[in-house]
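Next up: just one chain, as structure tokens, the form predicted on its own.
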């Protein structure tokens, strides 16, 4: 049973960020500050140079150890460490009685992911997986069309999730030890989760081709993958995941779904609400200025609401766990050059 202990310090919900290794930490600190009644106590990061730089850029209080931040008496934490360190930080946050929002993928192997669940249950705290695209207006609209039967019987889905190669600004993404893999690990999980969420069913089979098309000889992890997945209801879907966007591309990446039904087809591009700016002073030329709603803000709001309302968050541990299983099954399939049934997949 979840305890949901609140610090009730000055009437605010006290939140900290454990590690700022993940690029989303920069956005999350702003998201937290935009929520009424929330106090961003600070962030912890063990690399002194990186910690000082983040502190100076965003004006957030830096703690040189995670234990020092947790000792401040927090209601919740956001884990933004390297993927392979999620288990470690979830363990200590759970022991401190903090509700947890954890970046995706939630870990790099299933045994550590399962240990995270055990730690949260033992300490009576909740676990939320950071799947912001569930909160995007476009994805919610597509889900409602599917649930309402507006498209008729769904024949198939084409999914795309592309971004830049992370080398240069977040090099750990290209370390198999720290990230667990490359583009497939990074970009499979969002679409896999949306497929599960839209149809309220599981993915039961994965076939994948994985390669290093966009940085061959420069990094040792995959930069491209194509997955064909089968849902338990028989729907077939693809996931085209890659680090294929060049540095001068005007926006960070793509998250798209083309849902083909007997009565209609819907095309969704969740990150396309932009204006294009051409400027000699722009860091990129052209650059895209977003004007749409921020799904990260809605996700952070849900995390805070789950704490103040003393309930489980809408996106839980199992959602992150199932998405991780699919990413790991893709690597297994590529190695075996054969489809992998999820019920037979050990995920180690």
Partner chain sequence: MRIGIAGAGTMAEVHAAAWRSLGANLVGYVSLRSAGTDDALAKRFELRARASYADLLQEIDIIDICTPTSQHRSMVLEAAAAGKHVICEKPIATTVEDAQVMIDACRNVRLFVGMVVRFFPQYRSARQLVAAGHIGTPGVLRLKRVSYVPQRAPDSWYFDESISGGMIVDLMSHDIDYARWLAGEIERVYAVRTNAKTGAAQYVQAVLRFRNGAMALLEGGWAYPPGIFRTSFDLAGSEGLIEWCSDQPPPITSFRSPATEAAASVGLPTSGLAEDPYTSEIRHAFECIQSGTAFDVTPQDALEALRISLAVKRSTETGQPIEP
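Numbering follows the first chain given and starts at 1. Here the structure is a predicted model, which means the values were calculated and not measured.
Beyond the structure shown, there is the form predicted together with its partner chain, which is absent from this document and is the topic of what follows.
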Query raised in the report: Based on heavy atom distances of at most 4.5 Å to its partner chain in the predicted complex, which listed stretch, 106-114, 73-81, 129-137, 255-263, is the contact stretch?
Result: 255-263
**Report entry** Close approach of residue 270 to its partner chain in the predicted complex, 4.5 Å, heavy atom
**Finding:** no
Report task. Determine whether any heavy atom of residue 205 comes within 4.5 Å of a heavy atom of its partner chain in the predicted complex, and answer yes or no. Result -> yes
Query - Touches its partner chain in the predicted complex: residue 245 (any heavy atom, 4.5 Å) - result: yes
Report task. Decide whether residue 240 counts as a contact residue for its partner chain in the predicted complex under a heavy atom distance cut-off of 4.5 Å. Result -> yes
Report task. Tell me, out of 122, 147, 236, 176, which residue has a non-hydrogen atom within 4.5 angstroms of its partner chain in the predicted complex. Result -> 236
Query raised in the report: its partner chain in the predicted complex: within 4.5 Å of a heavy atom of each of 156, 209 and 213?
Result: yes
